[in-house]
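Heads up, the chain below is alone and in the form predicted on its own; it's given as structure tokens.
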């Protein structure tokens, strides 16, 4: 039973790192639907790096690649005022094509000498992910920087009048969000899978994106959501570790995380729910800032 729990927590780690980066993006008013693409790029860069130089350089390179494409998204959506959804979708489509061309030639497991350390079968990255969530929560809730980030996401015009550098703040959050998505992808390919296969994220980025809305843009609720979806994802992959007699075929079970995501999105999209929790959503989310 513990191996199943450990694997579930590692899936939760992937979701948590990627989603907390997207939450930071959105708190500053920038939406990045290209999170799946950022994870793909980080996964490819991390896997190729790990094959030669080991895990720590792989995580660093994954973060750098994710941060670079986060910067590209910031330039397009913040400076050039490109529609944020279009910019994010462009990054996602580019990542799918480029990674297929670039990384699929490396298909297979990592070299034998590249092994992730374990603490009772659990990667230490899980604890690092918890620290990241606590840090983001603390910054957003308890610091002057967090107040600036939230003000930029709520009303960038008022924030600018108050002396907040809106463009700079959005750049900062978008790049950090990209770095975290890249780190999540590198962890996926090098530690959770330990191998490369075609487009290994399999929709995890989209689930991470949905978790931000599910969490009502609150880091601690996001933590609970990531743990829940980590369990659902791992159960869909290996249900026999819980109960060997489950009658549903494996392809149906593998739809469970996405069915759960759809159900959550339908619930939070209802008018009654939106009226009750409307203040949770950053008011300027997705809106370009055009300085008057």
Partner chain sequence: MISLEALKLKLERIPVVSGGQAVRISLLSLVFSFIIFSIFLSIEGANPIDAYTNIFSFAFDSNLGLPTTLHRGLFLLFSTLAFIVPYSARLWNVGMEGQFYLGTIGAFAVAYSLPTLHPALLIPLMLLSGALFGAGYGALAGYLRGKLNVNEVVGCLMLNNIAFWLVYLLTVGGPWAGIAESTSRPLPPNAHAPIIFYTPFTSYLAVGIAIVLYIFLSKSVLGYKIRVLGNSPMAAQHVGINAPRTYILVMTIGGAIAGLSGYHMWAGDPAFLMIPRPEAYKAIGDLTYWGLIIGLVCLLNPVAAIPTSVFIGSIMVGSTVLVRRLRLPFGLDVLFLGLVSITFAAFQFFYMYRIRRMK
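Here, rigid core means the biggest group of C-alpha atoms that superpose within 1.5 Å across both forms. Note that the structure is predicted; figures quoted are calculated from it, not measured. Positions refer to the first chain, counted from 1.
Absent from the display: the form predicted together with its partner chain. The rest refers to it.
Site residues 76, 89 and 206 are all in contact with its partner chain in the model of the complex, judged by any heavy atom within 4.5 Å. Here the chain stands by itself, but in the model of the complex one stretch of 187-195, 156-164, 122-130, 89-97, 89-97, has heavy atoms within 4.5 Å of its partner chain. Though its partner chain is absent from this view, in the model of the complex it lies within 4.5 Å of a heavy atom of just one residue from 216, 115, 145, 80, which is 80. Shown alone here, residue 199 lies within 4.5 Å of its partner chain in the model of the complex, counting heavy atoms only. Proximity of residue 269 to its partner chain in the model of the complex: non-hydrogen atoms within 4.5 Å are present.
Within this chain, residue 228 is remote from the site of its partner chain in the model of the complex, having no heavy atom within 4.5 Å. Although the partner is absent here, residue 290 lies within 4.5 Å of its partner chain in the model of the complex, judged by heavy atoms.
Taking a 4.5 Å heavy atom cutoff to its partner chain in the model of the complex, the contacting residues in 258-273 are 258, 259, 261, 262, 265, 266, 269. Once both forms are fitted on their core, a CA shift of 2 Å or more is seen for residue 267 between this form and the one not shown.
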